[in-house]
Structure formats: C-alpha cells, structure tokens
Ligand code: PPE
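What follows is a single chain, given as structure tokens, in the form predicted alone.
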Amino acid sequence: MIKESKKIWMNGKFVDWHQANVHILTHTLHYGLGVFEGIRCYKTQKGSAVFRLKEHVNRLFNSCHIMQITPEFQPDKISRAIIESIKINRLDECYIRPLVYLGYGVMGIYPKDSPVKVAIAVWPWGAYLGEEGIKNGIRLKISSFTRHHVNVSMTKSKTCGDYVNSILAKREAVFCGYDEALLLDTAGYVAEGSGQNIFIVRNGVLKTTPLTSVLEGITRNSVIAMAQREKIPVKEVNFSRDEVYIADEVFLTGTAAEITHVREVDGRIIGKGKPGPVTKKLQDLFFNIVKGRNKSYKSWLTYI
C-alpha cells in the first residue's frame, strides 16, 4: 500500500491527498493517453537531493512532445513544483510521480480539445523489488508477452497506456512464482523488464540492449557513464535469452528498481547465484552517488 503524504500538486495548486481526484470520464482513464515520470529523492548528509531531476523533467516533456500533448506549464515550473512538493510534505526521501493527463471534457478516441492536466505526487517508497532483492538478487521469468514494436507504440515515451503490456508480463511472472518478468522484442532478442532496463556481464564486458524498442532509462544512462569512468568495457548490443542464461552477472536498473541483482532466470542460476564483482562495484558507486558521498557526480543531484 502507498504511504500517504499530506499534499499533492495539481495544476498549480496543492490539494489535500484525499482531495486529489479526477472525474470518472477523464479521457486518460479510459484510453490511456497520458505520460508520466518516476523520480527519486534521497537523504544525504547535506539534506535531501533529487537524482537527475533535469533529465527526468526533460524526458517528461519529450514524452509530451512525442504524444502531442502540450502542458500549460514549462519544465522549470514543473521542476520547482517537484521541489516544493517534497518540502511541503516534509519528506527526507521519497518517490516522485509527475503525471500529465487528458482531463474531463470529451469522449471518444480522438482527444479533440481535451484539457491537459498535470499532477505531482510524492510519497515514501523503499526498494521496488525489496531490500532483499538488491542485496541477494531476484528471480526472472522470460515473459510470453512481447515488448512493444517501434511502429506499434512510441517506445521513447513513458505513455500510461503502454504499461498494460508491463502489467500482463509482471502478473504472469509473479503467478508462476518469480519476482519479475523479462520481455523479448519482436525479433526475439532480450528487450527489458516490466519497468527496468537490463545489463549482463560476460567475459568482463558489460552489455545492455540497444534503445530500439526500450525506454531511454536514466538509471541505465547513469550506469553506462559510471562503468565507462571505472574503465569497465560497455557494449550496447542485442543478445538472446540463452546468453542471459550463461552470463556471469545480470542486473536490472530503473528509478524504482535502482540496481537490482538477478540471481536466476527461468530456473537457471546466473553465475554463482550471488552479486558479482561488477554488479557490486556499480551498486556501491550508485548508492554513494545518490547519497551525496561521491563529489565526482555532484551535478546529478539537485538539493532541496
């Protein structure tokens, strides 16, 4: 269950948590055309700091542009509203959910003159796949559902309706006793998790899938930058499910998932079944960065 906060920012004003409602005929609720972001704020020795705020807000507006949605607020206003939301709710650490949606006004597939609305909610949220998952790893199942094709959905936008694909894959995986799903693309190569990018380590090389059919993950981008700085070879390349089976290490990345080790895929133990040296090194570096303990990456933090 969500740990409730006090206030939610809606269209320029703060409203009480339980008053942050929409009409039942809200267009996005029926047809799924809306975009959102997932952002985290961490507690550091210098106070609370949002991780890569500028990049997340830019991606939100890129999603709007792709989906031809025009909010009345500019990126700098949304960034300030995010910071104000954290302050007014007095949270040291939190998850941040900006949402741009089409409101009440018209029905039907064509959203002519639908009002564009914006909301920002913040609340305490721990590790998405559990602290145990980050520490000791999770179990993945290759999904029977295929990831979006580039001409079926706009894969560079975090579009609300697209996540039905993720829900189906995640439900299937959990029903079968696994923690998370791993989806393949329409060509049969590994794409990503239900809400995470994937990395594998094989023969000392860190590999991740190209951005053809997957979201441009900001944590993914961060891991690539961190690995390059640490002189870890990185390749963006297609790979098959059986290469995942024989990888030395596998981990997932995302704002919610952070960096989560994968110990098993389809009943096959990955490596030694424990976080490997590359995964551990990048995990430690990542959490030092977001906690403000690494000055080399201070530009990634926006302090409250």
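The numbering used is simple: start at 1 and walk along the sequence shown. This structure is a prediction, so every number in the text was calculated from the model and none was measured.
Just so you know, the form predicted together with this ligand exists too; it's not on screen, but the next bit is about it.
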Of the candidate stretches 70-78, 214-222, 108-116, 83-91, the one with residues having heavy atoms within 4.5 Å of this ligand in the predicted complex is 214-222
Would Ser63 count as a contact of this ligand in the predicted complex, using a 4.5 angstroms cut-off between non-hydrogen atoms?
no
Taking heavy atoms and a 4.5 Å cut-off, does Leu33 contact this ligand in the predicted complex?
no
Wondering, does Arg97 line up within 4.5 Å of this ligand in the predicted complex on heavy atoms?
yes
In the predicted complex, is there a heavy atom of this ligand that lies within 4.5 Å of any heavy atom of Ala256, even though the partner is absent here?
yes
Tell me whether Ser143, Tyr178 and His261, taken together, all sit within 4.5 Å of this ligand in the predicted complex, counting heavy atoms only.
no
Along 125-149, which positions have a non-hydrogen atom within 4.5 Å of this ligand in the predicted complex?
Trp125, Tyr128, Arg147
